[in-house]
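Given as structure tokens, the chain that follows is alone and in the form predicted on its own.
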């Protein structure tokens, strides 16, 4: 299977008024098409910086980034970004929120996109809520709406920046299952940034473990649990072994 995203010796320095902050140091990894990959590491190590670079919001200080086997273009439309908050507009209906991006499309592209949006709502049990306002939905449903709003634009790569962090634990488990199911059914490649090791293991095909800043790739852990849902993966006998391995790497990193 071909690579969807590749970081080749990517270094990034933040420029401040008085100094430079060395954030990433020669980051190397490859993510295959349709893979679900998580990134974990110490706080402040540069996880979100990697997402911003992947989206073309930042440019590397050195090194190269390839998306879909081509140099990443800052104007690319192949990347969708899902943030910690859902950023739904409270005064717009669910339908109007989901189709917000379509409104600025060329007229000849709109009809097909509107039809696609309607089909997604029906497919994932949100069609009956299309005329509701966001404040009439649960936190979990709002996150599903936010994901569908991103999928409507048909990105090839999804970037998820701790999208479940504001949810309570029980809702979070359910939404993880829902989001994972949607991403897999739509055959998208996804990168999740999270501080939750269990969440990373339950959702991922592999996990990139970063060192403290300036971040390097300390390890890439392949997750070989055959269960089909994140919740079922948490019940697998090998789950605790993966958790202990990653926890040990992060704990040892904090001591170094």
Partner chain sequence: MKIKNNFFEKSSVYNHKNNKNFSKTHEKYVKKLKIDKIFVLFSQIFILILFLGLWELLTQLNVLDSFFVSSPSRIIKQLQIMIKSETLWTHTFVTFYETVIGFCLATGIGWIVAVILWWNEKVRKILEPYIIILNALPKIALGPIIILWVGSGTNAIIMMCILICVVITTMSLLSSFLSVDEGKILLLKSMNANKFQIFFKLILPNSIPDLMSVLKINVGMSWVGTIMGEYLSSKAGLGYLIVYGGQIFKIDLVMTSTFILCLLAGSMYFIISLFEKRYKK
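Everything numeric here is computed off the predicted structure, so don't read it as measured data. Positions refer to the first chain, counted from 1.
Unshown form predicted in complex with the partner chain; subsequent notes refer to it.
Participant: Let me test this: is every residue among 105, 141 and 175 within 4.5 Å of the partner chain in the predicted bound form, going by heavy atom positions?
Facilitator: Yes, each of 105, 141 and 175 comes within 4.5 Å of the partner chain in the predicted bound form.
Participant: With heavy atoms only and a cut-off of 4.5 Å, decide whether residue 231 touches the partner chain in the predicted bound form.
Facilitator: Judged by the heavy-atom cut-off of 4.5 Å, residue 231 is well away from the partner chain in the predicted bound form.
Participant: Examine residue 220 and determine whether its closest non-hydrogen atom to the partner chain in the predicted bound form is within 4.5 angstroms.
Facilitator: Judged by the heavy-atom cut-off of 4.5 Å, residue 220 is well away from the partner chain in the predicted bound form.
Participant: How about residue 118 - does it come within 4.5 Å of the partner chain in the predicted bound form, if we only consider non-hydrogen atoms?
Facilitator: Residue-level check for residue 118: no, no contact with the partner chain.
Participant: Is there a heavy atom of residue 112 no more than 4.5 Å from a heavy atom of the partner chain in the predicted bound form?
Facilitator: Close contact is absent here: in the predicted bound form, residue 112 is far from the partner chain, nothing within 4.5 Å, heavy atoms only.
Participant: Taking heavy atoms and a 4.5 Å limit, what residues of 81-95 are near the partner chain in the predicted bound form?
Facilitator: Contacts from 81-95: 81, 83, 85, 87, 88, 89, 91, 92.
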